[in-house]
Ligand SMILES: Nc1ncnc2c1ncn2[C@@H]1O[C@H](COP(=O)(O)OP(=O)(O)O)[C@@H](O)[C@H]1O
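One chain comes next, on its own, written as structure tokens: the form predicted on its own.
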């Protein structure tokens, strides 16, 4: 398939993107920024939509995004299930995960191996991130001497807030024993994924993990090592670009954040919860879909077969087949 043919498929899928669902019989509906969650008893059914969030707002939809994210996350959950237990029960559809309903922990664990993104923006202002003050003289996108953990509170709406380990324990947001388990699990998962990615020509720059408790046991939940929850750079060109002061080759949605800030500097990154979303150019949607596909293929080793189709219809058929609907 040529690049032009793929562009046409992506554009033709614009009208079929999954912006949301409403399956009352699945359970009580909770809508996250990207996922629709249906909760019934001790089971949660998560449907990954094509919604794209940035700066804690849903901005637009990207063709095939939900399918790619769910499949990448499922790939990692399978690869790491013997390292850290996770919440997966079943994957009845490319966009759907059936998981254990957990008591969610209100803190996200963010692991960073490089200084970039929001940590870099804080660093340039002389601010700490989650109570961590990094050494002076660092350059943007520089590799850190060691991984750092920069936890944040998981906001219901608006911006997540970085918080220190000491503050988390002081405010009793998480029991110390559980929090230590979260730290250890996060580092263990990150080290595994970073080595795996490097073998496939990718740098896992940073990522976030969410955790929950099921029957007294810590489980990793939500998603792991996806293009929404992580930054990926192309490994081969990183050193040369860094030495020249150039941006790395990016295979995650950071390019979209950059496009928003360049195109609408008066709105981003400080968009408010009630502010109108400005128009999003089709070209950036196509480019982002292609980058998601490229990273999907690099991570999993499988080709992503993009086909114009009715996503919602397929989900309904597969949920019925698996006796969830």
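Being a predicted model, the structure only gives us computed values, none of them experimental. Positions refer to the first chain, counted from 1.
The next section is about a form of this same protein that is not shown, the form predicted together with the named molecule.
**Q** When the named molecule is placed as it is in the predicted complex, which of 280 to 288, 64 to 72, 258 to 266, 41 to 49 ends up with heavy atoms within 4.5 Å of it?
**A** Looking at the other structure, the answer is 41 to 49.
**Q** With the partner left out here, if you bring back the named molecule in the predicted complex, are 33, 100 and 221 all within 4.5 Å of it by some heavy atom?
**A** All three within 4.5 Å in the predicted complex.
**Q** Is residue 60 close to the named molecule in the predicted complex, meaning a heavy atom pair under 4.5 Å apart or at it?
**A** Although the named molecule is absent here, residue 60 would stay clear of it in the predicted complex, with no heavy atoms inside 4.5 Å.
**Q** Given that the partner is absent here, does residue 231 sit within 4.5 Å of the named molecule in the predicted complex, heavy atoms only?
**A** Output for residue 231 is no: heavy atoms all beyond 4.5 Å of the named molecule.
**Q** Quick one: does residue 165 come within 4.5 Å of the named molecule in the predicted complex, counting heavy atoms only?
**A** Flag for residue 165 set to no.
**Q** Taking any heavy atom pair closer than or equal to 4.5 Å as contact, tell me whether residue 104 reaches the named molecule in the predicted complex.
**A** Contact check for residue 104: yes, within 4.5 Å of the named molecule in the predicted complex.
**Q** So the named molecule isn't shown here. In the predicted complex, which residue out of 249, 254, 210, 93 has a non-hydrogen atom within 4.5 Å of it?
**A** Only one listed residue qualifies here, and that residue is 210.
**Q** Of 76 to 90, which residues get within 4.5 Å of the named molecule in the predicted complex if you count heavy atoms?
**A** The stretch touches the partner through 87 alone.
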